[in-house]
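Let's start with one chain on its own, the form predicted alone, as structure tokens.
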Amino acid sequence: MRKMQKRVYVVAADTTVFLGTGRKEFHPKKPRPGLEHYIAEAGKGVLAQISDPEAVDEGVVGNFMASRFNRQGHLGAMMAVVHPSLAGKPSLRVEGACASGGLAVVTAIKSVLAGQADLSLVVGVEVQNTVKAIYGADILAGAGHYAAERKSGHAYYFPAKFSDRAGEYKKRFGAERTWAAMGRWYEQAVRNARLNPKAQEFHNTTTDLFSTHQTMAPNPKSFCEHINVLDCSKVSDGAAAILVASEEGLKRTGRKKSEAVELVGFGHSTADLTAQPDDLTVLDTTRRAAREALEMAGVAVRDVGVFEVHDCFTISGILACEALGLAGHGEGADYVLSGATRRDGPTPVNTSGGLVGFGHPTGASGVRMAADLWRQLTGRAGDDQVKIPSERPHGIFASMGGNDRTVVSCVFRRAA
């Protein structure tokens, strides 16, 4: 079993507003910020928290499809917009579909573990509101095996993939309880987002979220067979950033160890992109990555007090609860219906809104998960802070790319 060879920390974190439909300031016909703005805002927000920005050794950008959404590649060379001292230092962009942000986090971790950097600035970014939704669905279909599946696939390619997962789950484990759990997940996501001023659903004023979801029956003629639009994470623009440090790097930031979280385990797993999932009701790759992270950390899921999962759709949130070991196979819907994943439950999940509530700028979501765990574990989460029990001092995230084809998972605890 792999072990951490040295101590690695997340020292600081920041996120921008996740902008898109639902935010009062969003207007599709008015000019909006671009990639440079978001990279600079999130990165500067992190560097403002340390004593010397010039101490940063390198940069890592997580991004999925700027080359198509924005006609812009070469994002590693854009890091100097954060601080002039980053010009001339190594920086690169990594990609793994919707797990691009998670991959960026792990890339920085590996660099620090290898002794190639003591301070690595990680920025995850995506600007997606540049095309109509139907064209965006085609771009995002690149997270699947485009050559084999796109032409014959659904117009809304990935919603249809997870609609199929929802349909199979309903068939095998009960349609009524599955649909109810999906509604409760949506309700939970928006309620959490209402406590987070940067969330895309922060301005959502719907009175009865659960009933609104339940009465909006899936319509295969206009969308998908087993999910509705409320089951989906929204199209978002935004960025998140964290600073990954060695012990020496932590000293150079001028921050106290109590202001950091320590990485105690990580996992990275991939599946065959050209193959179909063995079982639509199981997130195998998520399960492997999370198990690997927990084993490296030497802890069990019962030792985790706060969770971040990749709920690109409400059904994936339910399946992720099973993949992380919170519930058995086929028991995820009941686990959600029990209230266990709410912020006042024993295992709070996606406390700032998750992908459904906070938003999903694809390349940013994995970094945002790490940022939110840093906020929670250091007591800096503001209105969306939850209590972390002393007997469950860890946080875990699982950042998923595509239809559970690439997954990164990290386990943190407050540094001491």
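Just count from 1 along the sequence shown to find any residue number. Since the structure is predicted, the reported quantities are computational estimates derived from the model, not experimental observations.
The same protein has a further form, the form predicted together with another copy of the chain, not shown here; the description that follows concerns it.
*Asks:* Only one of G174, P90, G254, G325 gets a heavy atom within 4.5 Å of another copy of the chain in the predicted complex. Which one?
*Replies:* Of the listed residues, the single hit is P90.
*Asks:* Though another copy of the chain is not shown, can you say which of A181, V127, A143, V304 has a heavy atom within 4.5 Å of it in the predicted complex?
*Replies:* By the 4.5 Å criterion, the partner-contacting residue is A143.
*Asks:* Looking in the predicted complex, is another copy of the chain within 4.5 angstroms of a heavy atom from every one of M65, H74 and F266?
*Replies:* Yes, because M65, H74 and F266 each have a heavy atom that approaches another copy of the chain to within 4.5 Å in the predicted complex.
*Asks:* At 4.5 Å between heavy atoms, only one of the stretches 166-174, 145-153, 201-209, 228-236 reaches another copy of the chain in the predicted complex; which one is it?
*Replies:* Answer to the contact question: 145-153.
*Asks:* According to a 4.5 angstroms non-hydrogen atom cut-off, is G115 in contact with another copy of the chain in the predicted complex?
*Replies:* Yes, G115 is a contact residue.
*Asks:* Considering non-hydrogen atoms and a 4.5 Å limit, does another copy of the chain approach H329 in the predicted complex?
*Replies:* Although another copy of the chain is absent here, H329 would stay clear of it in the predicted complex, with no heavy atoms inside 4.5 Å.
*Asks:* Check S258 for me: does it contact another copy of the chain in the predicted complex (non-hydrogen atoms, 4.5 angstroms)?
*Replies:* S258: no contact with another copy of the chain in the predicted complex.
*Asks:* In the predicted complex, does D138 come within 4.5 Å of another copy of the chain, counting heavy atoms only?
*Replies:* The answer is yes: D138 has a heavy atom within 4.5 Å of another copy of the chain.
*Asks:* Pick out the residues of 267-304 whose heavy atoms come within 4.5 Å of another copy of the chain in the predicted complex.
*Replies:* H268, S269, T270, A271, D272, L273, T274, R288, M296, in sequence order.
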